[in-house]
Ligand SMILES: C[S@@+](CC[C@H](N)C(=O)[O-])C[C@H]1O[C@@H](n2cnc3c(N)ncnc32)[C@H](O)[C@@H]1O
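In the form predicted on its own, a lone chain appears below as structure tokens.
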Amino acid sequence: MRSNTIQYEALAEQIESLLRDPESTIAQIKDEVTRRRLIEAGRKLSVSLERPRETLRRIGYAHLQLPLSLVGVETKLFSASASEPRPFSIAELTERAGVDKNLLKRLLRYYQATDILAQNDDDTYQSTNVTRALSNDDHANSLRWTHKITAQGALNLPSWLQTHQYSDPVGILPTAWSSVVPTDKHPYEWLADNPWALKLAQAHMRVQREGRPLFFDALDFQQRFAQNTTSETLLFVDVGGSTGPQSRVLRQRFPDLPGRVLLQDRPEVIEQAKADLAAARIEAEVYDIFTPQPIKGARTYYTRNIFHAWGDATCVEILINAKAGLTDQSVLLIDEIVLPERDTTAQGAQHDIEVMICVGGIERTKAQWENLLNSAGLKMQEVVNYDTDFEDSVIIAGLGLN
């Protein structure tokens, strides 16, 4: 018994020593896999060691984190403290943030206790990796999106599910979120009518992909799909491609690859992005995924995060429309989450709940994807996972037997 006690005490001391200089600790961890293992093991250990009152407090007080983080963003307290790598006095932060000194002390107390800021002594605070992350403009807009959109739907979720007698809510409108707005429009139509929300949504989507692998990292695009191309070859049709991040990556990674790259999306998106796209050698046209694909015989038709927003019947309709452009030499590249049947990551499960709340959507398993494709007369050829943390994969499909 004494031996076990000493081992746990030593482990606790080792962890505490790492936390005394977190910046140095991060610098010493060269392997990304090890870093992520430490994060996940630490999270699970923390939960497994909880007593009931600690579990209740962790869950019951989670609602404070988002609004108080947003206060730090909107007052520019976080950006002020992250502007220089030094401690700031309360007087300095009061002046920069324009917040009453007594209120600021209360806020700083919370930020220190939740590791958003570090406290050096009674009167000074310094930024951490968390502060610096929250001072980024796109990250700030992602928080605003979550606060104004996702969180509103999440708080409404228990009542909304109860109203629908806990049936599977895929495809049900209004969604948990849109019933709070309230609006009778589909969430995507509402976004198109509210430019401020569309801006936040685009920032949120950029942040979600920040620093993560792309399907290009796991798949040799040129070797698989771009042999013997010419300047006239339709190489890559980016369906619903927003402002074209994937098309841009394709051009950047293969600058000398012959072939046309075409982005298709809604009118308001094309209008916003077309000038920049042309400069990147990317063509752009308006296209509605609920109509037959007008571009015939391209090498690849690529979609990302489209199908998770719709129920099965609508997805089959979209797939049949996409199939109208395919030939025997074409493939459909579906870039989406493919959930495993067990041991799903937190990130994959969170995305599944988020699309349910916002658009009545669903993240699918491999078997569910295969059923969808077969229903549209398409055949799954391969599933290539390229981000195990988020369960992101590219599904390669082509024409089926029928």
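One rule holds for the numbers: they count along the sequence shown, beginning at 1. Predicted model, so just to flag it, every value in this text is computed and none were measured.
Absent from the display: the form predicted together with this ligand. The rest refers to it.
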Report the stretch among 83-91, 219-227, 263-271, 164-172 that approaches this ligand in the predicted complex to within 4.5 Å, counting heavy atoms only. 263-271
Quick one: from 245, 213, 311, 325, grab the residue that has a heavy atom within 4.5 Å of this ligand in the predicted complex. 245
Only one of 287, 111, 301, 125 has a non-hydrogen atom within 4.5 angstroms of this ligand in the predicted complex; which is it? 287
Heavy atoms within 4.5 Å of this ligand in the predicted complex: does residue 205 have any? yes
Residue-level contact is defined here as any heavy atom of the residue lying within 4.5 Å of this ligand in the predicted complex; does residue 320 satisfy this criterion? no
Answer yes if any heavy atom of residue 295 is within 4.5 Å of a heavy atom of this ligand in the predicted complex; otherwise answer no. no
Residue 72: heavy atom within 4.5 Å of this ligand in the predicted complex? no
